[in-house]
Every structure is written in structure tokens, then in C-alpha cells.
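One chain comes next, on its own, written out as C-alpha cells in the form predicted on its own.
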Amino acid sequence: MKKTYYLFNAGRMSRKDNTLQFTPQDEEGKELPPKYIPIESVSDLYCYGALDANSALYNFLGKSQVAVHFFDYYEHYTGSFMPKDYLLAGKVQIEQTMHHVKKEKRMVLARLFIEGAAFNMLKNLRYYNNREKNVQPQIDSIEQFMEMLHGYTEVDELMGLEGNIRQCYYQAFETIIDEFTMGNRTKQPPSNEVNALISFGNMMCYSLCLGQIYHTQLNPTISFLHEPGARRYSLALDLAEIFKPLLVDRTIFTVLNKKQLQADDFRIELNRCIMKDAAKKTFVKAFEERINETIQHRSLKRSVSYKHLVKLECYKLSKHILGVETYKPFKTWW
């Protein structure tokens, strides 16, 4: 079974016959013993350290359909190497474009993405509200915002509504998380530990969605809620909205409330909060466990992982675009 590999050390990656050879470096730049990764076991690579590689390696990765996602020193997502599309479908491309261009069709999907995201946020809040964490004021506010969803007729208005919902949702973090302060949501730069984890986790969720879109016939640059922009895969942003409460936020609650991460796992540098390498590894491990956890799917009648749920969401979106079946966003039912 293919899996994701996370490269925290700087190092050199090369092809060794039909295997990946990664030679990591220590903090002084001295090479450490190489590690070998069978290419058939790799679904994608996440690079948090500097990666030294040549075009021969990327040709090998491209032919093996392995994506590489890059993050900078401050945990910002900086870009991806995506192999050549292998599931080309002109009809899907045309219909996906038409659903973006035609305002009525786009608004339908944009509303559904917000509806799915808000539902999953409320699910999180109700879970903790039933466990003596009083977040009822935030639940009430989000429900009021949701009543306004069908009154808006412009995508920009929907984005504003989504921002209000998420701001209200993040206010509840102050109550849910035991020993850390959330404060205001700050991204550039994140001002404290919780904001740093949200930014880091959201980028991982975005990369996960991008990787799953690649294995479908959808075009990752044509989106419906977010505006398509140069140099970004905006459809992954749309899908990530639905899954962030389920995959990212619940992971944050777990690692902080179970004290898997402590205050000394972070440091303040130039007015920004930065996760230390050990903190990144702890969070990545918890995130991997989360996305590989399985649930019994109600309609498929079999166990599927959270990671596979993202791909199923892509299939549902494809069916909607082709007029086969109306899209229903993923909503947790447990």
C-alpha cells in the first residue's frame, strides 16, 4: 500500500535503479547514512527541509505518479511538483469550466461547500458542548449565519459569510483547548501556538486534497467557492474547507489536550510562533493516524479511511458536474 513520506531533514534525493535514495544531512551539513525508499510504496513526498535533486529524479517521480509538496522554514506551503495528468477527460474539463463560468451553477456548489464546512464545524462544537465545554454561544451564532446562506447571490458575499462562520468557530477554541490561548486568528505570521498549528494543519489538508484531486479527472485549478488564481490549485482550497474541521481541528484538539505538544515545543522568532522540528513530527504523526483511521461508510457498506473520503468527495463532485447525481457535501454522521 502506498503511503506519504515526510522529509524533515535537508538532504539529497536521487534515483538508485528503481528505488529512491535519500541522503539526509545533519544541522552542520554533514551527510548521514542514506535511506532507501521503494518507489512503489510512495504516494507523495512532503519536504520540510531543503531538498537537493536533479531533473532525472523528477522525471522518475513523474513517471511513477509521485507528487512532491514543499514547505519553507516557516511551515508555509510554497508549491508542489505534480506529475503529468494521467486521467485526462475533455468532457469533465469542459463541464467543470461551465460550472465555474455560469453564475447559477457556481453558486450552487459554493453554497454546498460552505454548508458542508459549517456542518462539520458544528459537529465538533456540539461534541465538546456535550462534554462540559460551553460553546453554545458559538453554536447559536453559526446556526444564525447558516440561515442567511441562501439569501446571498454573489460568491464574494458567500466568502464573507464563510469568514464570519469561521471567526465564530475559532472563538470556541478558547474554551475547547485546555492550556493554550487562541486569541484572534493570525496567519501571517501566526502569533501563538494554536495559530501556528492551524496554519500548519491547514496546509497539510490542502496538500492532501490536491493529491486526491490528481487521481481523478477534475482540474485542480478550476474552483467554485475560492477564486481561481495564478500559481494555486484553488479547487483543493474548496475541498479543504469541508475536511479541515474533521482532519485538522480534531488533530489539534487531541495533541494539545492530551499534552502531546507543550509550550516548549514552539519558539517565538521575529514576532512569529514557529513549531520546532519535534513538534512538526508529533503533529504529522497524529495527522497521519487521523487520515488513515477507518469508518464504516453508510452507503458503500465497507470500511474506508478518512483519506479515501477525500477522493470519494472528488468523485461526487465529478458526478454533479457531469449531471449524473447532485453533489452532497460530506457531513459527519457519527
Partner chain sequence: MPLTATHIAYYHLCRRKLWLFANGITMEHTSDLVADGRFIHENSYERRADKFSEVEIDGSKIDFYDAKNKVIHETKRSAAREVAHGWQVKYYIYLLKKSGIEGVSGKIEYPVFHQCTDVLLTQDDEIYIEKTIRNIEELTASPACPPKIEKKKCRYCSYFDFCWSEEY
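Positions refer to the first chain, counted from 1. Bear in mind that the values here come from a model prediction, so they are computed numbers and not experimental data.
This protein has a second form, the form predicted in complex with its partner chain, left out of what is shown; the following refers to that one.
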Study note, to complete from the structure: Residue within 4.5 Å of its partner chain in the predicted complex by heavy atom, from Arg185, His215, Lys123, Lys105, is His215
Study note, to complete from the structure: The listed residue (Leu149, Met159, Met98, Ala89) that reaches within 4.5 Å of its partner chain in the predicted complex by any heavy atom is Ala89
Exercise for review: May I ask whether Lys258, Arg272 and Val284 all come within 4.5 angstroms of its partner chain in the predicted complex, judged by heavy atoms?
Suggested key: no
Review point. Based on heavy atom distances of at most 4.5 Å to its partner chain in the predicted complex, which listed stretch, 129-137, 176-184, 73-81, 215-223, is the contact stretch?
Key: 215-223
Check your understanding: Could you tell me if Lys328 has a non-hydrogen atom within 4.5 Å of its partner chain in the predicted complex?
Key -> yes
**Study point:** Contact test in the predicted complex: Arg12 vs its partner chain, heavy atoms, 4.5 Å
**Key:** no
**Study point:** 4.5 angstroms heavy atom contact with its partner chain in the predicted complex for Ala56
**Key:** no
Review point. Can you check whether His308 is within 4.5 Å of its partner chain in the predicted complex, heavy atom basis?
Key: yes
Revision key, fill the gap. Near its partner chain in the predicted complex, with a heavy atom at 4.5 Å or closer, the residues from 157-177 are none
